[in-house]
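Consider the single chain below, provided in structure tokens and representing the form predicted alone.
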């Protein structure tokens, strides 16, 4: 059964119907593919690498991401991308990118996303990479196609291409006497030939000043289907003659199955019991009977259960294991002599910060439907990395790449928690043994127990200021939670930063912003402590240690919008203000929080946040991303923490694992800085990192108690 591991680095409703007839075919020819899409021209746009290399994540260079476009005779343009939609808004953003360069209304663009048999490998949907990587690739491909079509019209009419304009997919000469639609040009031999070439390196995309579609608040194209309940998520997929699967889980982590009696389960009508080593599961005509069959198996199973650490001694465990050399690795940097700076400083702080494991808690737990046709398998599942799931299927069943196909319908949340393909492999195992398609849906308890967690961590900070209020020494060590955003953005005379890996007692992996939240939390709380030692206002202290630039700009913006100086002088009992700022993934954030603390309970009254990620491509979607980050950040700051002992999760349900509720959401005052002079970067992660430290610093301002743990603890 799944054991703790080391950290590791869709088709919308109508398209699902469109491709349903072809779900178990893998070697699609161009003729077959076009017969599905309808008459028109398939435009393949490549960078410098081949399409969908086996198991690849896609080259991360700007010219290596592929996009596919099909222009139909009805004027519909189908764009294909390996990226997926898990609620972050990529379907809208990528639609805008193609519409902008092709100069058509976004309603003419259709997206096929995350199908390893049809779409290019654009890399996984993580790390805020869709905006800086995939959007430019689609724009370049669409712009190249547009230029080729303009050139074809120019030759046909015998006029200079500069005299041709494009309006809503129609090419017109400057006199207005001649016009032709894209769809009427795509079958011309010279167009077909030209469109087979690679995208020219010098292809020009529209500058920000000329954006008409990008920069506007386009809603999610299939939003109506979602609101009306018509969209089919991975857990909604149904196949002919489909069975329902359930897997027997061990009672504790690292447990080994010694014996089991399957006779009672096998007597149940329509139930098939599958065993492959420690993997045991059932397939039944419905999910209720499958669950009952697994309950019967569990009553007879005998397990060998090893010792396992507890959440109560987690932080000493992490530090001890690192000291023992359990996978020790350090990363970071050093300049100057930290020891000399600490020894000669006027005032120092030395603090430990504790970061709990937390769950991703997506709306939709893991789900998959697997269907075999001979030695080929198709799996519909929810994942942020289709090619990784494809890789796992090929490894599990010793398949060649063309024997496995992964289709990702728009999925009910990920937050970094759906990079792996456990449910896909499990459903494929059950389906192959049962000889029929199988739907496997994890329960919430399974999601809380067997999916991976955001890494826990212990962070040590030893820092000092001199008599002039300057930070002269900064020693920062992170155990286990990760190295992202570990470097301080502040001017420091001497510094040392380290990340030390340990043996994690729980399975851990990616999470929204990953370790950036932990490292920013520890740094920003420590900066407030240093500001107090220096006798300087927290904002002024940071300002004095920042170079001019983007981080300073968001800090200035949020302080002004929050009215920091005025509010600091309007003291009320048990009410406090705090702030924090940081940078990650090329974007910049600063937040001010106002809290009330009563009876050892923290209530966040208001969060004011300024965020900057270059030129804004979709203001509505960006605001929703920031709002989502803030609310998610509230959970990690105030409530969320996994509790475990003896290899068992003790709070594996929403009844015992607290996430933010509507009543917890404070007044949100969000300010988006639109830097049209800068390239756009992703925004799905960075807005979360300033939430927890701003709240912690506000708590200290309210009641004089430093909180050095996530979630924050007052007792």
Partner chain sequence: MENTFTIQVNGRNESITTDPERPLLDVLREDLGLTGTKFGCGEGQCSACSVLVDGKRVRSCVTPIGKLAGKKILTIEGLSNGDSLHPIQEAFLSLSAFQCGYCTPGMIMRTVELLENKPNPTDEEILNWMESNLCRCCGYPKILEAIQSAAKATAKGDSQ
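Positions refer to the first chain, counted from 1. Keep in mind that this is a model prediction, so the values were computed, not measured.
Keep in mind the form predicted together with its partner chain is missing from the figure; the text below concerns it.
**Q** With heavy atoms only and a cut-off of 4.5 Å, decide whether residue 535 touches its partner chain in the predicted complex.
**A** No, residue 535 is distant from the partner.
**Q** Although its partner chain is absent from this view, report whether residue 659 comes within 4.5 Å of it in the predicted complex, heavy atoms only.
**A** Output for residue 659 is yes: heavy atoms within 4.5 Å of its partner chain.
**Q** So, in the predicted complex, is residue 560 in contact with its partner chain at a 4.5 angstroms heavy atom limit?
**A** No, no contact at 4.5 Å.
**Q** So in the predicted complex, is its partner chain close enough to residue 491 to count as touching (4.5 Å, heavy atoms)?
**A** Taking the distances in the predicted complex, the answer for residue 491 is no, it never comes within 4.5 Å of its partner chain.
**Q** Quick one: find which of 377-385, 480-488, 101-109, 356-364 has residues within 4.5 Å of its partner chain in the predicted complex by heavy atom distance.
**A** It is the stretch 356-364.
**Q** Which pick from 299, 571, 566, 224 sits with a heavy atom within 4.5 Å of its partner chain in the predicted complex?
**A** Answer to the contact question: 224.
**Q** Note which of 146, 429, 550, 232 lies within 4.5 Å of its partner chain in the predicted complex, where distance is taken over heavy atoms; exactly one does.
**A** Going through each option in turn, the one that passes is 232.
**Q** Give a yes or no on whether each residue among 578, 611 and 679 has a heavy atom within 4.5 Å of its partner chain in the predicted complex.
**A** Judged in the predicted complex, none of 578, 611 and 679 sits within 4.5 Å of its partner chain.
**Q** Listed by sequence position, which residues of 662-694 have a non-hydrogen atom within 4.5 angstroms of its partner chain in the predicted complex?
**A** Counting only heavy atoms within 4.5 Å of its partner chain in the predicted complex, the contacting residues of 662-694 are 662, 663, 665, 668.
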